[in-house]
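Presented below, as structure tokens, is a lone chain in the form predicted on its own.
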Amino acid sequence: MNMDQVIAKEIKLLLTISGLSKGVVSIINSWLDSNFKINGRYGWAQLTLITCEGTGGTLETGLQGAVAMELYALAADILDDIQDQDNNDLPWRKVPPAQAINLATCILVLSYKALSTISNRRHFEDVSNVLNQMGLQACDGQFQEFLNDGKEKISLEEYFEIIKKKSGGLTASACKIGAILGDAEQTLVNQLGKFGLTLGLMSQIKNDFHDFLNIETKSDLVKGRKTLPFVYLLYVLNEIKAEELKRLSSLASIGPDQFGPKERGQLRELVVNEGTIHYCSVIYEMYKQRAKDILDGIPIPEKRKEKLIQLVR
């Protein structure tokens, strides 16, 4: 039985003993399947288990924490999409928001139910603290993002502070949880947390650039969301071009009738001519190198680092 099969079996068992109705269980399973199409099969659980095994743990010792992380991340994605009004093609965006919020809350509680089965009391407490702090930081980052939507511009420092709390916080927590369940010393847990944070920043930078021009399913441009391309452009554009960017954002918010091929071409021209692609690529590569440097400094055998190294190749 491979890692995916073991994770699937554990989630099935959790749902079986949950006491939830068959209809709710069916919906949660279908939402998990939809999430796989975006993030890969059990991506969060696998990151947790890879880190656990890298620190000397086993699949069995890391499994409950991995399932908890997978479910927690799914609940966070659902709530994020509802709040941002993104990804309209996903199943939780096709039901009334109240129903989606209810089921996201249910999935969140299931993640804590999975966590409660960790037999080592110290590990349970440490992992619970990581998960709780991650949730608080993610909520704080999301709220700051809402506030920034109403601002004309923000600094690059403010942008990175938010994504550290959101995307970076999730990946950092998965790595920390894996390390804790691998019985790593606190210093090593912190090092792997920094590695996970860097992975999250890399992922967010990549997504930000892809989503900026994808107005069909993403609301970044429509809402004037301060993602990396937008923050960078508002920082480097002169007054006339900055007004042009704001005009295009305003047209995109009205709908496709006002934001057609001509406007798309104008936006793409701004993005290309002002070096946005190059800037985002350089920042991405900078964090990629930072992740490699962190791994180089982690005192575990190279053989156990192999799967972690593959994440930044």
Partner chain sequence: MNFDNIAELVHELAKSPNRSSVIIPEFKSFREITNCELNAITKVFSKEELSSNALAARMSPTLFWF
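Note that the coordinates shown come from a computational prediction; the quantities given were computed from them, not determined experimentally. Numbering follows the first chain given and starts at 1.
If you look for the form predicted in complex with its partner chain, you will not find it shown, but the lines that follow are about it.
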Proximity of residue 280 to its partner chain in the predicted bound form, heavy atoms at 4.5 Å: yes
In the predicted bound form, residue 203 touching its partner chain (heavy atom, 4.5 Å): yes
Touches its partner chain in the predicted bound form: residue 311 (any heavy atom, 4.5 Å): yes
Proximity of residue 273 to its partner chain in the predicted bound form, heavy atoms at 4.5 Å: yes
In the predicted bound form, the one of 151, 94, 122, 210 near its partner chain [non-hydrogen atom within 4.5 angstroms]: 210
Among the candidates 113, 223, 194, 241, the residue which, in the predicted bound form, approaches its partner chain to within 4.5 Å (heavy atoms): 241
Partner-facing stretch of 143 to 151, 228 to 236, 82 to 90, 179 to 187, counted where any non-hydrogen atom is within 4.5 angstroms of its partner chain in the predicted bound form: 228 to 236
Non-hydrogen atom within 4.5 angstroms of its partner chain in the predicted bound form for each of 31, 129 and 166: no
